[in-house]
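Quick heads-up: it's one chain on its own, the form predicted alone, in structure tokens.
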Amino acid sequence: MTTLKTMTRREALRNMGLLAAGSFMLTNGFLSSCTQRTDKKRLVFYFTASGNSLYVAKHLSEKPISIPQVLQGDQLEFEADEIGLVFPDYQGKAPSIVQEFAQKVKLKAKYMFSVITYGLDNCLVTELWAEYAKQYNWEFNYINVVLMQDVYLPMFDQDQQRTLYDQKDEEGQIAKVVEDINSRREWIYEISPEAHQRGEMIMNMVSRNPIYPARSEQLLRIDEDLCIGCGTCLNVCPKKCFSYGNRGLTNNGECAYCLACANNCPQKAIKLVNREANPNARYRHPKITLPEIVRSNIQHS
């Protein structure tokens, strides 16, 4: 008689992390979306940690292209009729990974657009992004923002944020952006004088208390009592900050502070070193799966 071994919850979660990584290898090949022909009408590049920006990008392209995957590949020049970028607002600026993308990648299109996801306040992100992009000869015809759940864990309790979801009309905002881009609308998000003043105040506060650049080991810690070694943090980190060694799972290296590791850990074992609003509340967009985050950010040696 064959005896069936009952799998514990801890073992199941560990296997879930391994399966998420495996699903990446079972797709159409590494960087498949980046090696497609570049004569298609629209290319959409994105960066995501919680899934918000990926969810928006999927409304604009059937096969949006991961910025972290492009940066570890060989193809750094793209040409199409339309090229867009979708990414989150990080304290009024583009994430460091998106800035690196602008520095290294050449884009050529008749129509270029950006969609920036944000939470509490978009500060001056559209204005600052347009200025930053010009340094690398990127001229955007359209830049807009989409208000979504704010996933900045130091300030926002994700359980409380979920209660505000319906008030943000996420789907209505995205539909309007898609309509604008499909019609090739020429428009840059307009910042009112009041919002501009508020944005300058916030940016001054940020400049006095900068987070970046920062080291992963200075910002994040691993709760060894909770960690089950599933490898999810390794697979969702776009900067390869996590690794297994003689001391088990460790984290070190230049951190993008995207918090993909914390938000996607099934055990909530990744904690912030400093204060966070609710260490037991985490977030991934409800319509984005863990394997999708893995495919977006996983890094190979």
Ligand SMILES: Cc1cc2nc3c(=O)[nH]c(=O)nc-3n(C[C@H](O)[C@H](O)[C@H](O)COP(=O)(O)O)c2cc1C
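Residue indices: 1-based, along the sequence shown. Bear in mind the structure is a predicted one, so any value in this text is a computation, not a measurement.
As for the form predicted in complex with the ligand, it is not shown, yet the points below apply to it.
Asker: Contact with the ligand in the model of the complex for residue 84, defined as at least one heavy atom pair within 4.5 Å: yes or no?
Answerer: Although the ligand is absent here, residue 84 would stay clear of it in the model of the complex, with no heavy atoms inside 4.5 Å.
Asker: Hey, in the model of the complex, is residue 151 touching the ligand, heavy atoms inside 4.5 Å?
Answerer: Looking in the model of the complex, residue contacts with the ligand include residue 151, since a heavy atom lies within 4.5 Å.
Asker: May I ask you to state whether residue 90 is within 4.5 Å of the ligand in the model of the complex, using heavy atom distances?
Answerer: Yes, residue 90 is a contact residue.
Asker: In the model of the complex, is there a heavy atom of the ligand that lies within 4.5 Å of any heavy atom of residue 121, even though the partner is absent here?
Answerer: Looking in the model of the complex, residue contacts with the ligand include residue 121, since a heavy atom lies within 4.5 Å.
Asker: Choose from 136 to 144, 174 to 182, 91 to 99, 67 to 75 the stretch whose residues reach within 4.5 Å of the ligand in the model of the complex, heavy atoms counted.
Answerer: Heavy-atom contact with the partner occurs in 91 to 99.
Asker: Looking at the ligand in the model of the complex, which residues in 272 to 297 have at least one heavy atom within 4.5 Å of it?
Answerer: Sequence-ordered list is empty.
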